[in-house]
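Shown here is one chain on its own, the form predicted alone, set out as structure tokens.
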Amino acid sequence: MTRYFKATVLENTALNKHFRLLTIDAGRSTLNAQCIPAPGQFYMLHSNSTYDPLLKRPFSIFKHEDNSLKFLYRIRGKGTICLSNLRDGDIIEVIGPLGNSYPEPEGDFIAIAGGVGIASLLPLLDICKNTGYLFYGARSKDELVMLSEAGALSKEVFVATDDGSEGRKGVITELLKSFLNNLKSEISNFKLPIYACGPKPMLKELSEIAHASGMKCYVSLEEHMACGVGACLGCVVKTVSGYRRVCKEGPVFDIKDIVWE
């Protein structure tokens, strides 16, 4: 069930110069049994009472506990700058939970996060503790956030950065391919489901890896959204079945259904 509500900011903590963690009090009636968010779902947040920017912004649910919701976000534009200026006690407008969620894995799985994509995948790692192999890539060490928290929830963690400041130097998909090649030589028919969220080039490369290996892969797409409820058609993506709305039919899709252009 999706709801519109107003929430009180409890904390808006700076993790580093790029990332913050926003905690809001959603209220007991908002987070009832029918409105508990699932990993992969998102909320639309409006951070400024002056309506500049006018539109709400989509954010993956990072964590919920008791009556609070947490959102991990990267400061990159007017909307997130406004969000970063929120203080304890401020009121924020919220719509959610929205969209579909990741299908829950039945056993071990692979999670691959690019940058702030970790916000979408950490809840999945949390409900499936110590069964996920996490592949986490970013441009530099400074953009790897919640690494220790994710590590505590994962079976094993692999890290890559573009500049080599943490983990292996290069893109995370190369590290994934090495991992899969090693497993193929040790275990025949080793096919774990893959769950991913990150930039489009990473997901496009991942689609080729999943196709070549015959592995099931679910991806959460990051698209610009205006309404979040499927009315404006501003977030459509091309699929093998035609255009689909990321906010309504997604944000989680089977990667084989996406037409990568």
Ligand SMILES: Cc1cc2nc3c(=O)[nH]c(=O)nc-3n(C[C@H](O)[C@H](O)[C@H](O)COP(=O)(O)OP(=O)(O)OC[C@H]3O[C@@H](n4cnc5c(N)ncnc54)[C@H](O)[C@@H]3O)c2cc1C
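Given the structure is predicted, the values throughout are model-derived calculations rather than measurements. Residue numbers run from 1 along the displayed sequence.
Not pictured, yet referred to below: the form predicted together with the named molecule.
Here the marked residues Phe109, Arg168 and Ala196 all miss the named molecule in the model of the complex; none has a heavy atom within 4.5 angstroms. Between 159-167, 73-81, 129-137, 145-153, the stretch whose residues reach within 4.5 angstroms of the named molecule in the model of the complex through a non-hydrogen atom is 73-81. Screening Leu124, Leu176, Ile92, Val116 for any heavy atom within 4.5 Å of the named molecule in the model of the complex leaves a single hit, Val116. With a 4.5 Å cutoff on heavy atoms, Tyr218 does not count as touching the named molecule in the model of the complex; it lies far away. The named molecule in the model of the complex comes within 4.5 Å of no heavy atom belonging to Glu205. Using a 4.5 Å cutoff between non-hydrogen atoms, Ala26 does not count as a contact of the named molecule in the model of the complex. In the model of the complex, the named molecule lies within 4.5 Å of some heavy atom of Met225. Contact residues in stretch 144-171 (any heavy atom within 4.5 Å of the named molecule, taken in the model of the complex) are absent; none meets the cut-off.
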